[in-house]
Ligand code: AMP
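Just one chain is shown here, as structure tokens, and it is the form predicted alone.
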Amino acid sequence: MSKAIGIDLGTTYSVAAIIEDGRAKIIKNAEGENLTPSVVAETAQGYKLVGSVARRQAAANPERTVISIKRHMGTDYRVSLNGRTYAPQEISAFILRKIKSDVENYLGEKVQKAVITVPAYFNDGQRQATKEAGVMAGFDVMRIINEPTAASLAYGLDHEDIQTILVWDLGGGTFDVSILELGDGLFQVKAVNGNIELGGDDWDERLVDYLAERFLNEHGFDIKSDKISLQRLREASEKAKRELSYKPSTSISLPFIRTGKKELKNLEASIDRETFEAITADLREKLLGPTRQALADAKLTTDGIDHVVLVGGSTRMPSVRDLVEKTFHKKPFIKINPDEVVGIGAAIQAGVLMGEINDVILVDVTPLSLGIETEGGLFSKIISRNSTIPTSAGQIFTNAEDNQTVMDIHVLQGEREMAIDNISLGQFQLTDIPPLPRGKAQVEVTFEIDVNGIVKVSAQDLYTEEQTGIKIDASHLLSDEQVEQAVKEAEAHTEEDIKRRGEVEVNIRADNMIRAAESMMEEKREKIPASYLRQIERAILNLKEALAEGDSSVIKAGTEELRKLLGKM
């Protein structure tokens, strides 16, 4: 029997894991790393780059590089690469396709089945889009599960006595808080909340703003007005954020910044943890609102929480961990790498579905209320948030006008009282209703939510038994034909990737050389003459630009030049 894999499709990084000999194991990618950057790029020649190679060349190729696409899942946002437009799920499919290829190379066999995780607070459209991405990548998506639930699985907390767990999941682009009751092999989600527009990227952006303002004051040039310089600054800011998690201060050095006068200036700055925490204090405060709401929904106080589990690389920040201790008066669970814990949990769920693991039962909930728009633009809830799934519920509605023969059903998701303030999932019509006086017709609207949290809605006239329904068909989703076409293109790209294997290996070698050079400079910066340091930095920048252009011969030459410089050092 072929393996099923668990995938944490993250905003910044993605992770894949399988069950091997009864235990979850992270699978390294083709570059030998546990984490695959969720980055997709296209060279000037039209070749796709995914993962570490795409990330490395981003500074030299910002207009053809896509990062943090997860923040746009389930929306009508589109990106353009070399004149072609892509939906967010298509970009995500490129990432998933690379993961699939890397796992298959590791196992030596084809992999079809997958469990993919999503933020607990993802709505139906976002979950549908994630599942579509998996299908386009060639997967049979067995289950979409919530990231906090996966994290709890990874910790094996279900094997202990019944207890209440709160999970803080702060990734690159989203924040989730989930409350679970678990033990004796049972997982029951009691409440979820979160903010899909809050993540580690926002902490990075604060550093970008801080450093850009300093550069503007010093040189009179707004570094954010130049796309290449801005991307370099973002990369440096993310690195500084990571270093400040284990160092009291760090330095940032960006040479060769092009100013408005076509001059080249250097950005040199140092920042300490205290300053970083001060400029991001309001972001930390935003973690508390969803937490209080989840506690209220679960009818609990902080004293009722037995353990706090931290998930996502951004929870490494000391100020975030301090906030947990201050809020819950206990140290958080951090035994498993927060970048990998969700992928491990997804693999465990895949093992459960494949019959490899038999002692776990998941009981999840829907994150937002579901209902329809009624007379006066009101939102009428049919399934309340935090209802256990799978579930179904119906409610009877009547005609708003005399002799009304058609009823428009507007499906919504959210918590606001007015329909316009909630998320529209789609619309459909029930026709051939008998012409009756106002308030006499009877139409039952039924919602069904499956184990993936995906919704189907139907409406039936109880007099004629006329029935119709909807598969959510909002503008951000793709048609079956578009999905099928994407699958065919995926197969075509797979053949193309085999043909381009040599070129891909050239890119990987260049990427490794850049990483080695940057690591060596970081370790020995104080011992390297300034003029020689600038030669290496220029060679790195040239190689990144070569990766963006995609010409293998230029990439090889740039790699060799950098190798010689490092050899001399």
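A residue's number is simply how far along the shown sequence it sits, counting from 1. Remember, predicted model here, so these are calculated numbers, not experimental data.
The following text describes the form predicted together with the named molecule, which does not appear among the structures shown.
Overlaying the named molecule from its position in the model of the complex leaves no ligand atom within 2.4 angstroms of any backbone or C-beta atom here, which marks the pocket as open. Contact annotation: residue 245 falls within 4.5 Å of the named molecule in the model of the complex, judged by heavy atom distances. When the named molecule is considered in the model of the complex, residue 457 lies well away from it, no heavy atom lying within 4.5 Å. Heavy atoms of residue 134 never reach within 4.5 Å of the named molecule in the model of the complex, leaving it off the interface. Although the partner is absent here, residue 200 sits close enough that one of its heavy atoms falls within 4.5 Å of the named molecule in the model of the complex. In terms of contact with the named molecule in the model of the complex, the residue from 373, 102, 238, 461 that brings a heavy atom within 4.5 Å is 238. The partner is absent here, but in the model of the complex a heavy atom of 313, alone among 426, 313, 290, 332, sits within 4.5 Å of the named molecule. Residues placing heavy atoms within 4.5 Å of the named molecule in the model of the complex fall in a single listed stretch, namely 313-321, out of 429-437, 122-130, 313-321, 262-270. Using a 4.5 Å cut-off on any heavy atom, none of the residues of 85-110 reaches the named molecule in the model of the complex.
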